[in-house]
Structures are given as structure tokens and as C-alpha cells.
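Next up: a single chain in C-alpha cells, the form predicted on its own.
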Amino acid sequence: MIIILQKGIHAMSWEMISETPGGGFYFGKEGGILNAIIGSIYLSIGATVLSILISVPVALYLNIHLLHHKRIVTGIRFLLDILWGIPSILFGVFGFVLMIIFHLQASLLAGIITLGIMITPIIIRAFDEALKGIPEGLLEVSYALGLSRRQIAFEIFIRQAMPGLITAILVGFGRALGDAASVLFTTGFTDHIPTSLYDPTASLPLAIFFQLSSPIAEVRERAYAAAFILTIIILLISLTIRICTSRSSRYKI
């Protein structure tokens, strides 16, 4: 981290964060990594939204509908923990297989799907842990008041577990932002900012990888600047987690 800070700040410039790569950027000429910054944000937002659509219903189902089926819930959580621990390169291979099956090219869409699959177990388990902290008595009282399961899920449980849900989302977003291996085969790489889901997309982790493997010293220095930018974004996400968690606690019943 100290090396990244020292070399990254030294190589940082406004050109690095405000311009896309010019001709010969990877040979030490002018340009920046704006394409990789925007690409990473597109990928992370898309993957997080996709994962939320899957994760929230699954976590709620585990903690409301399957509350009294302990063995089934334990088994599902065990499988999710295994998926959480799988190296991200294997998700990249899985995403590549999906691309072949559905005849997709390396693109923003393929990267979003791959990253979304990768972070879904993380968000489910993180949100699940937040829901587990809700007293069982609250569920019984809700049933006694005549609330439906949908009302209990979206009006009681989500509200109670809001800090945990926000934390889960931001943790998944940060993981998607910083992962390189899972998008190595699926997003491709381009010097341009994508304008559609079917365009190839650059990302910060891959930009760091390509620049750091260059034989040109100036390009390798730029890799540290890109790593510094990624570190700053992750730091901002961590701070956002703390702020959102503390503020959302006020919405608890």
C-alpha cells in the first residue's frame, strides 16, 4: 500500500483521470484511463443491480418462508458459503462458457452477468446475516396483526435490516469494482467508453494488469497511479458504508 501511494501519487496527473488513452498510450505516450474508470463503474453498478434483484428475494425467503426448516436453510447457507469462497477466475471461466452458450461477444453485458453471478452469494449471505438478527417474535407479532408475508418482507424485515442491506450492497459493489480475474475473459478491453451493453469495456483492474506488465518504465509507473485511483474509490465506498449504516439505523422500528 505504501508503494502504491508513493509511486501512484508521483505518476498521478489530471490527464490520467480526465482523458481516454491516446494513440500509443501503452507505449508511454499521452492519454489517461478515463475509459477504465467509467467502465469499472458501469460494470459494478450493473452487476450490483442484477445481484440485488436475485439476492433480496432469496434472503427474505430464507428468513421468512423457510424460518422453521432449519436443515434446508443451513444447507443453502453452506452452499452459498462455498460459492463465496470460489476463486473469481472460476467465475470468469463460467461467464466465458455462458458467452459461448448464448453467443455473446466480450462486452459490458457479459461482464455484468459474470460479476453479478460472482457477488450474488456475497450479498445474499451478508443480507441474510442482517435478517438473522431480527427477533423471531417480530415475525409472530406481524402474523398476529394479520399482515401478509409480502408486507412482512418488504415493510417490516427490509426496514429492520436496512443497515445490513446497505452494507451488503456496498460490499458487493466494492468486490465487483476491484476484481480483475472474473472479467478477464468476458469484457474484452477498449480505449473507448462503452455506449451500449454490447460494446467491449475496459476496467481499472485490467488497466493496472496491462500497464504493470509493460516493459516500458513510464507505463509501469502509470499502473501505480491507476491502482491509487482504485484504492481511493474503494476507500470512499468504505466511508459510505459507515455513513449509510449509521444514518439508516434511524429507520428501524
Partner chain sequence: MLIATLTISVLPLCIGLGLLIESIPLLQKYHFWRLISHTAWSPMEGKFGMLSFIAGTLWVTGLSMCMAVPVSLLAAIYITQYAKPWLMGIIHPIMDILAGIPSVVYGVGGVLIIVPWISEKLAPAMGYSSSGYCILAGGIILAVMSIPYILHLQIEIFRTVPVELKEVSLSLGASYWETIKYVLLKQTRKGIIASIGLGISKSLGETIAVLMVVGNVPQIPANVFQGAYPLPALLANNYGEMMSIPLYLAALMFAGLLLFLIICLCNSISTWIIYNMHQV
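Keep in mind the model is a prediction, meaning the values are calculated, not measured. Numbering follows the first chain given and starts at 1.
The protein also exists as the form predicted together with its partner chain; that form is not presented, and the subsequent description refers to it.
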Open item on the list: Taking any heavy atom pair closer than or equal to 4.5 Å as contact, tell me whether Pro135 reaches its partner chain in the model of the complex.
Closed with: no
Task: is_contact(Gly146, its partner chain) in the model of the complex, heavy atom dist at most 4.5 Å - done: no
Task: Touches its partner chain in the model of the complex: Gly164 (any heavy atom, 4.5 Å) - done: no
Open item on the list: Test of understanding: in the model of the complex, would Leu60 fall inside 4.5 Å of its partner chain by heavy atoms?
Closed with: yes
Task: its partner chain in the model of the complex reached by all of Ile124, Arg175 and Ala180, non-hydrogen atom within 4.5 Å - done: yes
TODO: Heavy atoms within 4.5 Å of its partner chain in the model of the complex is the criterion; list the residues of 64-82 that meet it.
DONE: His65, Thr74, Ile76, Arg77, Phe78, Leu79, Leu80, Asp81, Ile82
